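Okay, here we've got a single chain as structure tokens, the form predicted alone, with questions on binding and movement later.
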């Protein structure tokens, strides 16, 4: 029987997942972006790649039935269910201390890159860099001219997405701590989220 695992607000969490299991990612409060990564369990040099995924599925946003691919072009996760309106992001890099510096922050700011490293380290893994994440629930509309904007998530409290593991992997999440732009809702207050590992 599955149990709910909290991703604390502004923090990260990682978990080992076996091939064939599924990860149910729940947007507990409905307005929280969750940066998502997946690494091949026996080779952290192979990981979910947004660049390879976009080239393979020829979409900017994966939909139910679409598979996500690694930097070695192998299937790693498949989106099997999505109760949200299906608005996610594959374009933007994870936030980091440099990003907040560009936004005018002069002190340390929690960020998804550090959250990823801490979550992986908690499981005994060290990573050398931050791959581009699948930004679950993130709403980054684009225009025909190519402009992007930062908008509030379209998901509602309790809505979820389910990803099936196509390989033995480590899934990692960060509840994005962005509070200088409205990506986590108009109130700009990051919240927690939850996930479950399903058989």
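The structure presented is a predicted model; accordingly, all values stated were derived computationally and were not measured. Numbering follows the first chain given and starts at 1.
Missing here is the form predicted in complex with a further copy of the same chain; even so, the following discussion is about that form.
Taking the partner from the other structure, a further copy of the same chain in the model of the complex has a heavy atom within 4.5 Å of a heavy atom of residue 60. Proximity of residue 98 to a further copy of the same chain in the model of the complex: non-hydrogen atoms within 4.5 Å are present. Among residues of the shown chain, residue 132 is one whose heavy atoms approach a further copy of the same chain to within 4.5 Å in the model of the complex. a further copy of the same chain in the model of the complex is approached by residue 52, whose closest heavy atom lies within 4.5 angstroms of it.
The three residues 93, 102 and 148 all sit with a heavy atom within 4.5 Å of a further copy of the same chain in the model of the complex. Residue heavy atoms within 4.5 Å of a further copy of the same chain in the model of the complex occur in exactly one stretch of 24 to 32, 169 to 177, 153 to 161, 52 to 60, and that stretch is 52 to 60.
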